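The chain below stands alone and is given in structure tokens; this is the form predicted on its own.
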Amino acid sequence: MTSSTNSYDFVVVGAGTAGCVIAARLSEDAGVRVLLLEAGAAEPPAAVAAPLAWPSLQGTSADWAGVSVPQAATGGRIPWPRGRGLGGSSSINGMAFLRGHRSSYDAWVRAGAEGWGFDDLLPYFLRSEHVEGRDPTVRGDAGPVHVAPAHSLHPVTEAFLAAASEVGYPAASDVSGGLDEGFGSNDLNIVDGRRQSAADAYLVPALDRPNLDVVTDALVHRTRLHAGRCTGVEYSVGSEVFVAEARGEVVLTGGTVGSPLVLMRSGIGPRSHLRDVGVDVVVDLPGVGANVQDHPRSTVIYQAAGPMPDRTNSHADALGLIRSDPELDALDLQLQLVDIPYFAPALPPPMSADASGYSIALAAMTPRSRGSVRLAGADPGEPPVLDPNYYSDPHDLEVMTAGLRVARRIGTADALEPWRGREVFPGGEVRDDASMREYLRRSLRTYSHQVGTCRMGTDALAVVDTGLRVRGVEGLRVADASVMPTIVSANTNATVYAIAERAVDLIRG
């Protein structure tokens, strides 16, 4: 039974990166009422603010702590951390703030997202960020998100960049800007030694506005639909159920997992799946929950030759974006130095607790494998069925194998010799293609860059149009990582900020 109903102009579902942006921007207009709903808590764990603490945030109250179904390629389940609470994944990620290469967004246009190329998104990248000392035609200097490279790189990171140059890779003047190829220090959203989440940058300054309500610990059950229009949402806080009516629009910003779940519980999704889980079909949209893409990731881990200097910044301050094959048009491989042993949970600890080490992480940036997010049942409290389907396309494993070779070339370069002890993972016995591929299967972990489940486009499997409107329903949009037709060649957070900033303009009309 519904306990109460309230009416708003806009209801925003999910206070992650996109939700914080959209709720804050829409509430700039004092003439509209905005409701922002978030399933997580109002107060994050204290460790969220500490840049070096991000590896420890997985499994805390700030994480939905999802786990995939068993993966055919790996033989096991893959943990899928994603942010829960104000700021969403921007509160638990590694704070790397960078755009995909412009070729990533050109691929969106080819996939049917006309008007969403790099140049179309550039004004929104500029609007979101505050970066000093860069080309103002391509980098923003007045946005809410303050980003900059590390003030001083860890000595092993400096050696990593020198090693990349030593083996022939170019230095990038701005590896975060989306225009360069090569290696360099990337931007981080760290301000005065503390993480700056989307909640910090956008939402907190707006919280005193009388026209903005933020409700936390609020689990959205479904949207409410009448005569082809979304009229609001139903949600619960504890045992109480509420209805929030929307005079204007409902905007789903629950991310690649959360947004398709709300759609499917509302009867919007693939007909056969909805019937299987006991949900009445309202709009048959077969693309909802399909098209999952993620960057598969692995690491080469070295035991340090001696004591490591104290860590600063975020554990990962520099990376390279390159091509696995020089003949490729797009950049499809990222290498990153992580100044701790960073390995898949399925692997045993690579060294004793008192030993130190570092990792060279590798990730395929343009994977071809596609997975799905599905309901386990109609109950909104049931965990979803997550199937990323890693390595289902052999191309991805080929790119990762090439990346493993590059990581080792860099790892064994003279520049890293003063820091390099033994190679712990994969280990000296892993040399031929077959054993490298086996290691890449065992060591796979998510990069937590899942996208695509409500993808934008014009074909039958598109979920939203290029205005981010859900097909077949008026008054309902999706604006988060789930609308990306294809994954970008970078950590995804900066792109989500840009999508959200553009969504505000689209909503305002």
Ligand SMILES: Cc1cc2nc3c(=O)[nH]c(=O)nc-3n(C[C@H](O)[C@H](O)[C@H](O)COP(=O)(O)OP(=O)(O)OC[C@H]3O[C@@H](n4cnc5c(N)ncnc54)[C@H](O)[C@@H]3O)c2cc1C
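Numbering starts at 1 and runs along the sequence shown. None of these values were measured; they are calculated from a predicted model.
Just so it is clear, the following notes concern the form predicted in complex with the ligand, a form of the same protein that is not shown.
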* Residue contact check: residue 445 to the ligand in the predicted complex, 4.5 Å heavy atom -> no
* Asked: How about residue 104: is it within 4.5 Å of the ligand in the predicted complex, going by heavy atoms?
  -> no
* Can any non-hydrogen atom of residue 60 be found within 4.5 angstroms of the ligand in the predicted complex? -> no
* Residue contact check: residue 481 to the ligand in the predicted complex, 4.5 Å heavy atom -> yes
* Structure fact -> In this chain shown alone, the residue from 212, 220, 230, 331 with a heavy atom within 4.5 Å of the ligand in the predicted complex is 220
* Of 82, 139, 154, 374, the one that lies within 4.5 Å of the ligand in the predicted complex (heavy atoms) -> 82
* To do: Tell me, please, which stretch of 86-94, 243-251, 268-276, 122-130 lies within 4.5 angstroms of the ligand in the predicted complex when heavy atoms are compared?
  => 86-94
* All of 15, 491 and 496 within 4.5 Å of the ligand in the predicted complex, heavy atom check -> yes
